[in-house]
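Single chain ahead, by itself, as structure tokens, in the form predicted on its own.
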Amino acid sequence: MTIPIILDCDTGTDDALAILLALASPELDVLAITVAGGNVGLDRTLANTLALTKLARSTVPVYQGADRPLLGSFFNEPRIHGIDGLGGIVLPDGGQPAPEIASDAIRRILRTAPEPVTLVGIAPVTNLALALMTEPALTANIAQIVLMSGAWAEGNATPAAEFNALNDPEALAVLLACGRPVVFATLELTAQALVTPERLGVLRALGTGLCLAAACDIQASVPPSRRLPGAPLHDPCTIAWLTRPELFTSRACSARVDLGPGIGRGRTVIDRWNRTGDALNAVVLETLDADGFFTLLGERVAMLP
């Protein structure tokens, strides 16, 4: 059996590898890819997504979504992803998106799917929240929500907040309150998926396909972390968890997000030790078999054209 998913992204460098991994994973039935602004502006995240799906010879429809959060505006991260979102790596043009807007497509798919759908969010989750806010009954058709978002300790966009959570904390609060299981791949988890020159060399040696080459070139453009001995590969962790959950350990906990103004905005308050006694509304992925993760990533992306 395959897992039907909607993949919601803001295609920068790590989103690109997550998209390719999802398209190459037979365990997943990718029903749609929806796109928001975030890592860079929506014009670029959309173009990047279309280019990657065409490169992979995928027929999965791509839908244009939100160019701003529920409140305010997105802030971008060109220092990591480059001004184009893919570190300057040029891909062939991918054509045009499907005609619906993302939130409409999400609602339609949830309304008509023969079985519950997993929502995978590797971006600010504006598109997902818009869909659920306008038709809350559709939560009954959601199997689970898997997010690359948040941190239980230090953030990366501010001292308190992770980038995706900070870019639309209100949207994240909507998902946490919707009553469906939410799985977090936080910064503490993704810090274990470190790309090093040695690992990148192993990936390059796996084949000569265009997708593998593009994935390696895109990742090579990412500067190393100032805090870690490599570059954390955030977004593909969500796809790896869906396809190879045995690579991870996890913990049920309660989670909320700070919606106030000031330095704490966007912080995810994740109660891993049940200090608050709040309802357990989330699962946090805690550890990762990094070697197994990179083996999976390489084997799968090398299967693509």
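One rule holds for the numbers: they count along the sequence shown, beginning at 1. Worth saying up front: this structure is predicted, and the values here are computed from it rather than measured.
The same protein has a further form, the form predicted in complex with a small molecule, not shown here; the description that follows concerns it.
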**OP:** May I ask you to check whether Thr34 falls inside a 4.5 Å heavy atom distance of the small molecule in the predicted complex?
**Re:** no
**OP:** Classify Leu187 as contacting or not contacting the small molecule in the predicted complex by the rule of any non-hydrogen atom within 4.5 angstroms, answering yes or no.
**Re:** yes
**OP:** Give a yes/no on whether Asn127 approaches the small molecule to within 4.5 Å in the predicted complex, heavy atoms considered.
**Re:** no
**OP:** Although the small molecule is absent from this view, report whether Thr49 comes within 4.5 Å of it in the predicted complex, heavy atoms only.
**Re:** no
**OP:** Look at the stretches 194-202, 213-221, 134-142, 161-169 and give the one with heavy atoms within 4.5 Å of the small molecule in the predicted complex.
**Re:** 161-169
